[in-house]
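Given next, in structure tokens, is a single chain: the form predicted alone.
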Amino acid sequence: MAVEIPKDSWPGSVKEVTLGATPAEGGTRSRTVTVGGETTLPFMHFEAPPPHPPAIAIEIKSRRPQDWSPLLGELWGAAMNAPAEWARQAEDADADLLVLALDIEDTVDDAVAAVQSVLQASGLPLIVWGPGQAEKDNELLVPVAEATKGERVVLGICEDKNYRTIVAAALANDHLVQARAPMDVNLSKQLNILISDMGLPLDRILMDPTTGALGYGIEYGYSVMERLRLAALQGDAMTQLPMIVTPGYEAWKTKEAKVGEGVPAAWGDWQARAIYWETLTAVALLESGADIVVLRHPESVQNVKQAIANLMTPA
């Protein structure tokens, strides 16, 4: 006797968002990346196949980071001193997107030069993050937006204290924004409303609900993302945006990934443990609805790529 699998039918859907612009579209990217478009919960192929696979971004920095794990320093080596070379190596590592994180010590000229060097070195769509301080973010991201007009760069990170300046720069220069709220459905929705009220179309907003790493609050972040996706499918327009999350940042700051000495022997090989921490964090977040995951280690990228291929294949 055949068993009929019950299927949900949702009134809402996630908007499609396209990052980057090719020469035909006024930019210089070799390709674009489109995410979103889901009409059901993640990877429910029997209800509706996902229209686009999740995308993987690799994070690079405008200056060599001093607070990253030594394992990452050994891996990327001298490329960490030059954003353009780092970008080339990240593209060779099979990234779909690049994230360039600017540094608090960057001047406007430094920031613009770093962004332009990355755009020249790689044809991948680009996400640019400010240093994480509202005034400095505004100081750097406005000239970066002007210098990259037409490239459909994602500017971030938009938060409640600095979104106005970043959104205005995106509007003036045909860019997108990354909107981050601290692990709260209502705060995410409210920030999206504020950005939309400034006139930025919803198909130019990526929603960053914030997350924790495996073992460090991931279950709370997972539940917030799940509730955001359910609200979107139920028809709430201000939650119908693709989600971007940062498992690389979160996983590599944990003791398990960052420290190799003075830990229990049962923890096993340091490098394998660190890569698994990033991989498992990312895969869990894909299952909760992430459309873009930002990673740091190429082996994690390959692991997550394989997981995505498996998840995109109907059972």
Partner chain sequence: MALTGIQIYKLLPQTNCKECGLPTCLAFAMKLAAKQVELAACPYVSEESKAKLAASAAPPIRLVTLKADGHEVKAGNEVVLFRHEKTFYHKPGLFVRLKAADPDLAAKVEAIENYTVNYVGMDFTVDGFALQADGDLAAAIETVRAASKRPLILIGEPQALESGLGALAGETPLLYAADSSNWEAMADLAAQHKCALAVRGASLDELADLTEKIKAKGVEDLVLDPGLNAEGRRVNMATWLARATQIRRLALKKNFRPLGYPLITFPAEHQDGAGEAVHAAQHIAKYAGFIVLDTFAPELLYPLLVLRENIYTDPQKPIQVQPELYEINAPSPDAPVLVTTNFSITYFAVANEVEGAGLPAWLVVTDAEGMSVLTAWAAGKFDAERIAKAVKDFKVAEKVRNRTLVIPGHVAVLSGELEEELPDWEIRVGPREAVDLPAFMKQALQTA
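Numbering follows the first chain given and starts at 1. Everything numeric here is computed off the predicted structure, so don't read it as measured data.
Not on display, but discussed next: the form predicted together with its partner chain.
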(request) Given that the partner is absent here, state which listed stretch (118-126, 226-234, 84-92, 194-202) has heavy atoms within 4.5 Å of its partner chain in the model of the complex. (result) 226-234
(message) W68, G130 and T211 - do all three of these have some heavy atom no more than 4.5 Å from its partner chain in the model of the complex?
(response) no
(message) Given that its partner chain is not shown alongside this chain, does V33 nevertheless sit within 4.5 Å of it in the model of the complex, heavy atom to heavy atom?
(response) no
(message) Is it the case that L280, even though its partner is missing from this view, gets within 4.5 Å of its partner chain in the model of the complex, heavy atoms only?
(response) yes
(request) Please check if A55 has a heavy atom lying within 4.5 Å of any heavy atom of its partner chain in the model of the complex. (result) no
(request) Tell me, yes or no, whether D160 is in contact with its partner chain in the model of the complex, where a contact means a heavy atom of each within 4.5 Å. (result) no
(request) Taking its partner chain as it sits in the model of the complex, which residues of 14-47 have a non-hydrogen atom within 4.5 Å of it? Please list them. (result) L41, P42, F43, M44, H45, F46, E47
